[in-house]
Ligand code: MLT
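Starting off, we have a lone chain in the form predicted alone, written out as structure tokens.
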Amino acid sequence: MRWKILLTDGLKAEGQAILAQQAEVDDRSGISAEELLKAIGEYDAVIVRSRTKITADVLEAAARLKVVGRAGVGVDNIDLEAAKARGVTVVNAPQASTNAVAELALGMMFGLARRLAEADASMKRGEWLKKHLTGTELHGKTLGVVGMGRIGSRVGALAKAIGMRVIGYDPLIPAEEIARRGAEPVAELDDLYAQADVITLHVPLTPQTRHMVNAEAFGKMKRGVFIICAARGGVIDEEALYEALESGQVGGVGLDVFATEPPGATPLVTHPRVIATPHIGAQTKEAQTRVAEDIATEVLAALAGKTLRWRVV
């Protein structure tokens, strides 16, 4: 009997082709939570992105389910404890989007430093604000990387290539390993806040990291600091961030993720010193192909009981 695999948020053709060699694949992109609850009992595996929530209720209704595949990195939309309790394997594709997210973070740094969004908008209004759009150079500035995993380390490497000093903080990685990954390790997060001209966040959303960047944290940073977050919404206290922007404590922000997605035209999203993008970190042709291929092979390996590269639970 061939396995049945459900796709709830789409998957590039390369991944679907791999799955189709061994399974029956149903692509029901955009399926609602109610529809998912009714349908999930028919499937051996489900592959999701960040939109679909695999809750305890969904898992309880999934009588045949053996594997949940996350086409990407973050698994905060999957109830891992409930999956573990029911013996459902969860796998992801953590390496595929590393370069894409890192390049977006660097692009946001350039955008803030040279005020590109403001300059473009003014030109489209027929204005010529050359004298009013003085920017700053990233060369010689200090980048603070919070979270020295794959993406954080890659951002650091790109930043060093343009002449930035890179410092890194990660409580889960030894100082010597942070140094091996190309950053000067700092022992305390407050030390990073005090030194960094630009801060880029690369941590998962957990109870410990939720609102880790809050009003108190902003007060410890250099005045006019740039902040980049292409990790997970909720890591930054958005109300406190807006207040820090208004006061000038934070000079500019690049946000690809939000506590609520889509966030709508909030005061933070529409702020003139915010570059806001709709969670496009992994949205490159190359990354999406890698994600599709990686998660397809990993889900099939899990169904076959083979050794896994990226097992979460």
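Keep in mind that this is a model prediction, so the values were computed, not measured. Numbering starts at 1 and follows the sequence shown.
Same protein, other form: the form predicted together with D-malate (MLT), not shown, and the subject of what follows.
Here is the short version: of I227, V73, A196, L241, the single residue with a heavy atom within 4.5 Å of D-malate (MLT) in the predicted complex is V73. In short, of 27-35, 243-251, 274-282, 58-66 it is 274-282 that has heavy atoms within 4.5 Å of D-malate (MLT) in the predicted complex. Although the partner is absent from this view, S153 stays clear of D-malate (MLT) in the predicted complex, with no non-hydrogen atom inside 4.5 angstroms. Interface residue remark: H202 is not counted as part of the site for D-malate (MLT) in the predicted complex, having no heavy atom within 4.5 Å.
Of the residues in 219-249, only R232 comes within 4.5 Å of D-malate (MLT) in the predicted complex through at least one heavy atom.
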